[in-house]
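Single chain ahead, written as structure tokens, the form predicted alone.
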Amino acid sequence: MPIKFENVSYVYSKGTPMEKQALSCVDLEILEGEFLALVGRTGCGKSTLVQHLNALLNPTQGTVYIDSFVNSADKKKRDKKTHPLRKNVGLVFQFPEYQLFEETVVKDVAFGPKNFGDDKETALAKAREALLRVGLDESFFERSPFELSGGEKRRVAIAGVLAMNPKYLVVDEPTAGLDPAGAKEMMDLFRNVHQSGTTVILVTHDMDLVLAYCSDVIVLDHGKVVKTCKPVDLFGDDVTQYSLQQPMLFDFAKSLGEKGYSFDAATLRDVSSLAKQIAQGRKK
């Protein structure tokens, strides 16, 4: 069963002077196996929406279905045990490295599996495997996480989520604060996770990442889903109405088009795909 939102609304501080409508009548489906982007202007409801996926928030109205789990505004329908859900839905917050706390890297990563019932040795084995998966070898295992670089800390935090082998991985602005090389390494990691069978949901303001990595995109605006499409279809539209920027690749291709080149937008994903079309000498 896919993830499904049915008429979901969420209000912060309901009934108080600070009341704020964050989501309004959201209907959407997220299919298994997607690499999905969730985009929109700051404050549009992206982070609020993804926090419903592992029941950090419960709807003010409507119902969210995640496989067999029900997260509903109706307390009688809502599943009470969240442990299985939070094992299946891994949520990586922006700057997850701030959540590190153990004395060694391997112990920090093993915390999640232990918390979900694995014995010590099994949890440590899963931690070591997850650390290797994110590109941190044995030399990192016994180091203090607080002695690592910013990018290494983020990898440790992500390994802590991957060690639980989630079916769905939600990542909120994972490249924030990283240099271009670090951002590419991070996104290539998520691409590999996706190719291993995990559904990936990317919350981002970076449209270049959406174009290069994502198969589908959902646009939120003022708490509502206003568009669901393929990235190339989104960027063929006027994205400024959603306070988004066109990917630099599309802007560059447009400039070349004004000089006489024509492009197949459907195949534009990265610099290599653009270079291939230029090399083919496709002139108007």
Partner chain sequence: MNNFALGKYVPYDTWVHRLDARVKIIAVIMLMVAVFFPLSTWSMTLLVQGTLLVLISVILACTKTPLHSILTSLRSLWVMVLFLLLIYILVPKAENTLGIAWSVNGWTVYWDSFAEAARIVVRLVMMIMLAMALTSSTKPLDLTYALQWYFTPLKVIRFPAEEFAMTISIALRFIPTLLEDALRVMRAQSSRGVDFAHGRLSKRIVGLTSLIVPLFVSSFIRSEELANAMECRCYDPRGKRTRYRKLRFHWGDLVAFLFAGAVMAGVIVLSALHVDLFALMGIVAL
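Numbering follows the first chain given and starts at 1. For clarity, every value in this text was computed on a predicted model and none was experimentally measured.
The discussion below concerns the form predicted together with the partner chain, not included here.
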| property | result |
| --- | --- |
| Options 178-186, 133-141, 206-214, 107-115; stretch whose heavy atom lies within 4.5 Å of the partner chain in the predicted complex | 107-115 |
| Any non-hydrogen atom of H194 within 4.5 angstroms of the partner chain in the predicted complex | no |
| Non-hydrogen atom contact K120 with the partner chain in the predicted complex at 4.5 angstroms | no |
| Contact label in the predicted complex: L148 to the partner chain, heavy atom within 4.5 Å | no |
| Contact test in the predicted complex: M18 vs the partner chain, heavy atoms, 4.5 Å | yes |
| The partner chain: the contacting residue among T228, Q245, T63, Q51 in the predicted complex [heavy atom, 4.5 Å] | Q51 |
| Proximity to the partner chain in the predicted complex, single hit among L249, I30, V70, L56 (heavy atom within 4.5 Å) | L56 |
| The partner chain in the predicted complex - contacting residues of 69-95, heavy atom within 4.5 Å | H83, R86, L91, F93 |
